[in-house]
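Below you'll find only one chain, the form predicted alone, shown as structure tokens.
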């Protein structure tokens, strides 16, 4: 590139390196490794997965597979029931743990352990507890009643309910902590004025707490839905998709096709989750941009 002065005279433009400040150069140097990692481990796998799932025959095969339809229904049940129960419990527990009492602070340390401990040992421990032969739950039932306990994970409805329960138990502390921060941000003077006016706890919640936390609650719910769509551990580590592949969700269904050596169907089943994810991302970003 050259800068023209007049006629045929021109001066070569200085090189790019001389036009950048040292701070800009260091910014590019430090940013380059991140971009390379992002391209190698995010962009390339996503593009490769979309390329594997490009054939329309993959989606015809998924449509004709009854396990895929069951997995889609299970995913909706997981989202509608699991997310709403989890967020409602987190909303009310945030009010309990926001109290300034020493014993509540110690209790909160115990409460946060399921979220802090890695998923594999915690969920597998629950699976061992539910074992029909030597699990601790059936052992307690036998010692109290003399009868053998049920095979908890042999019924699809019970197994999926257990998976939803494990998901709530595992992620509830995190969302409770987020909502506690929202409660602590509310001016305490509002509650003192309501107390003087004789407001009940429900009136305080309805007219002070909920209006102040509504945006945070909805945003957390949308974000939790996005993360739950990718929750592989709660279902696969507990039930393995069984019995008879009837508790699979879209995040675990790909493993079933991989076991059958059907890589393109595995990728297509993951792509089918996009209609669930993209609207949630759109609504969440729209709320955050207000």
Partner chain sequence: MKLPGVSEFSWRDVATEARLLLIGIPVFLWTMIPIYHMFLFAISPKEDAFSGKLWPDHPTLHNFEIVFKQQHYFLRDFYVQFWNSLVIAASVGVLTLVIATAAAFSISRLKVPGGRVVLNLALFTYFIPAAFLAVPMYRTMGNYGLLNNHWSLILAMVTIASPYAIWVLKQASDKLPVELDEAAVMDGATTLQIFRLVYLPLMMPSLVAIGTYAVLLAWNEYLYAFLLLSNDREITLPVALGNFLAADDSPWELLMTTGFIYALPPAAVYYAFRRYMVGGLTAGAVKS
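The term rigid core refers to the most C-alpha atoms you can superpose between the two forms while keeping them within 1.5 Å. Remember, it's a predicted structure, so these values are computed and weren't measured experimentally. Numbering follows the first chain given and starts at 1.
There is another form of this protein, the form predicted in complex with its partner chain, and it is not shown here; the text below is about that form.
- When its partner chain is considered in the predicted bound form, residue 59 lies well away from it, no heavy atom lying within 4.5 Å.
- Contact between residue 126 and its partner chain in the predicted bound form is found at the 4.5 Å heavy atom cutoff.
- Proximity of residue 220 to its partner chain in the predicted bound form falls within the 4.5 Å heavy atom cutoff.
- In the predicted bound form, at least one heavy atom of residue 101 sits within 4.5 Å of a heavy atom of its partner chain.
- The partner is not drawn, yet in the predicted bound form one stretch among 76-84, 127-135, 144-152, 186-194 has residues with heavy atoms inside 4.5 Å of its partner chain: 127-135.
- Candidate site formed by 181, 250 and 255: every one of these residues places a non-hydrogen atom within 4.5 angstroms of its partner chain in the predicted bound form.
- Within 4.5 angstroms of its partner chain in the predicted bound form, the stretch 108-132 places a non-hydrogen atom from each of 109, 110, 111, 112, 113, 114, 115, 116, 117, 118, 120, 121, 122, 124, 125, 126, 127, 128, 129, taken in sequence order.
- The rigid-core alignment places the CA of residue 37 less than 2 Å apart between the shown form and the other one.
- Comparing the forms between the shown form and the other one on their rigid core, the Cα displacement of residue 259 reaches 2 Å or more.
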